[in-house]
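Next up: a single chain in structure tokens, the form predicted alone.
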Amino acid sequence: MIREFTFIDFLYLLAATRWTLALTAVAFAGGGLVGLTVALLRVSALAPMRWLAGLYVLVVQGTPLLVWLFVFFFGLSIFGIAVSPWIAAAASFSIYAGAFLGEIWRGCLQAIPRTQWEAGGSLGLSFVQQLRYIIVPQALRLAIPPTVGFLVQLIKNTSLAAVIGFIELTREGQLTTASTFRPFTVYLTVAAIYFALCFPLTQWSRRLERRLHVAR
């Protein structure tokens, strides 16, 4: 039955937004662990580890995120493994975020002049100690702005989880459109909510760049 778009529908959209934020948080946390591992392997002295980490990045960045969603949600069912939309989305987005965060952080680590590494080595510091006391504190200043920028992209990309039935903001917008037949109003509201989530982060990222003098 077709009806008007009401304030109750808006509240439903807001309620679905919490799942967008929850998926973003889980994906960022999982992707952060994977990304940290990838970044460290990419700058390690062991060539096989660098090669494996680089291969992971190439495969994930060269594959659409939708493919990972379909592999986890539909592909595993072929082997009799039932996966819920939540688990499939969390795993897919964590893998996706891990590759991109790994490259961001790898670039920040390698942006530190080689002389800094050599200075740490001359003091007798191990690889881990060089990272902890010399490299990471400097790389952190470079990493924060692009990491926040990627977080904004991750929030928007969670809309792809709608294709496997995960009810987040975009999926709720689809359901509301089907019942109200007011796509312009519904999706304009959805866009406004995404903007309200992403714009403050974008502004925060820009302030961080100025405050930390990243360009210097």
Partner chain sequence: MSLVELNDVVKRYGQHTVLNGVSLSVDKGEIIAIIGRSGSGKSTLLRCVNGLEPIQGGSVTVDGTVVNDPGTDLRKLRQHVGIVFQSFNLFPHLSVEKNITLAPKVVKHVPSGEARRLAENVLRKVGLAEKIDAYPDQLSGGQQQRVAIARSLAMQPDLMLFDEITSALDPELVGEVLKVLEEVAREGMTMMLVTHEIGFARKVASRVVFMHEGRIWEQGPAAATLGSPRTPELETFLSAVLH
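Only a predicted model underlies this, so the values are computations on that prediction, with no experimental measurement involved. Numbering follows the first chain given and starts at 1.
Not on display, but discussed next: the form predicted in complex with the partner chain.
Comment: the partner chain is not present in this chain, but in the predicted bound form one of 111, 140, 71, 125 has a heavy atom within 4.5 Å of it, namely 125. In the predicted bound form, at least one heavy atom of residue 121 sits within 4.5 Å of a heavy atom of the partner chain. Heavy atoms of residue 84 never reach within 4.5 Å of the partner chain in the predicted bound form, leaving it off the interface. Remark: residue 90 does not count among the residues lining the partner chain in the predicted bound form, judged by a heavy atom distance of 4.5 Å or less. Using a 4.5 angstroms limit between non-hydrogen atoms, residue 116 touches the partner chain in the predicted bound form. Annotated contact segment (heavy atom within 4.5 Å of the partner chain in the predicted bound form): 125-133, selected among 142-150, 125-133, 72-80, 98-106.
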